[in-house]
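Encoded as structure tokens, the following chain is the form predicted alone, with no partner shown.
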Amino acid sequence: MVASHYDAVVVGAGGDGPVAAWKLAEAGRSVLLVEAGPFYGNERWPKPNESPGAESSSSVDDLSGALLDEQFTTRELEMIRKLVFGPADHERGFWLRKFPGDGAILQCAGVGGTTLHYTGCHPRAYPASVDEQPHWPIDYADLIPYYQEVEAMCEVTPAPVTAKEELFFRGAAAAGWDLLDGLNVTEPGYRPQPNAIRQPDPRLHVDAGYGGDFSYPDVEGDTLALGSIAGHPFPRGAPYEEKAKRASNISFVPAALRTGTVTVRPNAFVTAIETDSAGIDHPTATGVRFRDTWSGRVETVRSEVVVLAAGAIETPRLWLNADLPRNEWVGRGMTIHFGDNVMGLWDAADLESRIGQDTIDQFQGQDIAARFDYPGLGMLQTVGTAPGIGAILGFGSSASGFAFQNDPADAPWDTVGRLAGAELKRLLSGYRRMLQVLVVSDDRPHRRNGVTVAPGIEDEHGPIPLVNYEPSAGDRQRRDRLAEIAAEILREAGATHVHRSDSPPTALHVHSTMAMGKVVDEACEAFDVDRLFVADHSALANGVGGANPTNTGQALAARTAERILERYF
């Protein structure tokens, strides 16, 4: 068993929890970092999906790059199944969340959380989303020093350019948009994606003619092979902390363990928040109760503060299932960046004349390496996928039904909707000449959208999350305008066929279900429970304008840890 008392218990070792744990531990506090999923790449769990292994890890010496190489393949569907939200023992199935329609929630369980399969995208929020939308109780300037700290830890740099990015940039420039410079974006334009992925080895430059091995130590840094959705175990053979993608398990978890005061407890699902006086109007958090996902054994740990970092679905679920005061905004106001997909297909001769080669080969380079920002609307970003994932995202589902049911005569795309049969085969046969653009809109918080629970709809950890999402007319208008811009950029880049998916709502980025200013104060301490803090994307006051949220979530978690130290230690 772990110790019975810590200075802080952090619930969730995903993208943000390890940041808070690291900051608290750097100040000398003892921290228990509790994670529902397994710990990959740790020698104390050599077979994390087959047997319980050890109970906890407190040493950076437990981390193993070789073990991570064994456990992370490059097969995307296999890795999604391995990492998606569920227990280490896959024989028991996923943990159920109910989501409306054909959409889905794509989140991971395990140390590193959803950063295990995120694409490394680390832009900052749009300043206008903090300073000009009426949601945040703090200024954008307050976040900047924490952005800088996170970006240094994650080694954030502009993504390298391969054919797919060059084509997108040429299309954006031809459409009249400007190349952006700087990290605090206030105007529309295009730029390389700021990614938390190490730069490629210089010998991999297209002009270097490298013909050697692509594993460590022959090459260091990014190998330019798609792999982020599969956990990005590159370069193969590298020590644990030398992996190129700086997911939280590679960046913040080792730093936290190195302090000597952090214990990571995986395979532990927190089911209750302990308080000094349950049921009263304003209790004080005193610890947590968790359930071992292998044995079912229940333990209680006490602490001076409790930090919730289980994500924007599980954090409100935990509150709602605990005996805590009611707050009408717990679980409410969810934003998911209401997304869509627009695909372009080129003729080989046109590509040859534009970029000097007759294929785009989206499988080369980083998964998402080019972006278009439009504060007030959201963003676009190129996506490189293997054919199967690309087909699912671009052609596999649609809110408009099948493409043959729609007449896009007055639209800027040639087809819209779900594809099947001969048309699907025709487009997929051009996979090497295809480019996908992901539309990510600045959807706004609405109280009707969010997480609830209901007695009787339960798993072994209590009532499951029931998620509701219905975009507003404004959300749809912003997404439609971004899709039109995406089609224009692809046309200007020479695409001969443009297809819009009109995707159903799918929760890739989930935020603002425990929003700062509504559920937690400016230090992210709960208004209704003393010593209970939130340090994950649920505390974001909105969807940060449509920018990828990981950088902002981690920056806010770092800020929250400093506020905890100021208030209670």
Partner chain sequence: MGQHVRLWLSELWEWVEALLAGKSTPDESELDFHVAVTARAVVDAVVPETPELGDELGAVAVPGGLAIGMETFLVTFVDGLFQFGFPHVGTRGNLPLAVPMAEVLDVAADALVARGDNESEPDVERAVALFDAGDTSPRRVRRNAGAFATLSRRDRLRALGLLDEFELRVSPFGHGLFEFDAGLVGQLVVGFAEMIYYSEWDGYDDFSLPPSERTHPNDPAAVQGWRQTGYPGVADGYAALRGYVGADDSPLGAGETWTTLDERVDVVRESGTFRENEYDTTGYEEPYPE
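As the structure is a computational prediction, the values presented were derived from the model and not from experiment. Numbering follows the first chain given and starts at 1.
Just so you know, the form predicted in complex with its partner chain exists too; it's not on screen, but the next bit is about it.
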- prompt: Honest question, do G101, A141 and G376 all end up within 4.5 Å of its partner chain in the model of the complex by heavy atom distance?
  reply: yes
statement: Within 4.5 Å of its partner chain in the model of the complex by heavy atoms, the stretch out of 164-172, 302-310, 487-495, 329-337 is 164-172
Option touching its partner chain, based on a heavy atom within 4.5 Å in the model of the complex, out of G417, P87, P408, P188: P87
task: Would you mind picking the one in L180, V453, M153, A322 that has a heavy atom within 4.5 Å of its partner chain in the model of the complex?
output: L180
- request: Evaluate T275 for contact with its partner chain in the model of the complex, applying a 4.5 angstroms cut-off between non-hydrogen atoms, and reply yes or no.
  value: no
field: R447 within 4.5 Å of its partner chain in the model of the complex, heavy atoms
entry: no
message: Quick check on P192: any heavy atom within 4.5 Å of its partner chain in the model of the complex?
response: yes
- prompt: Contact between A483 and its partner chain in the model of the complex at 4.5 Å, heavy atoms?
  reply: no
- request: Just give me the residues of 117-134, first to last, that have a heavy atom within 4.5 Å of its partner chain in the model of the complex.
  value: R124, P127, A128, D131, E132, Q133
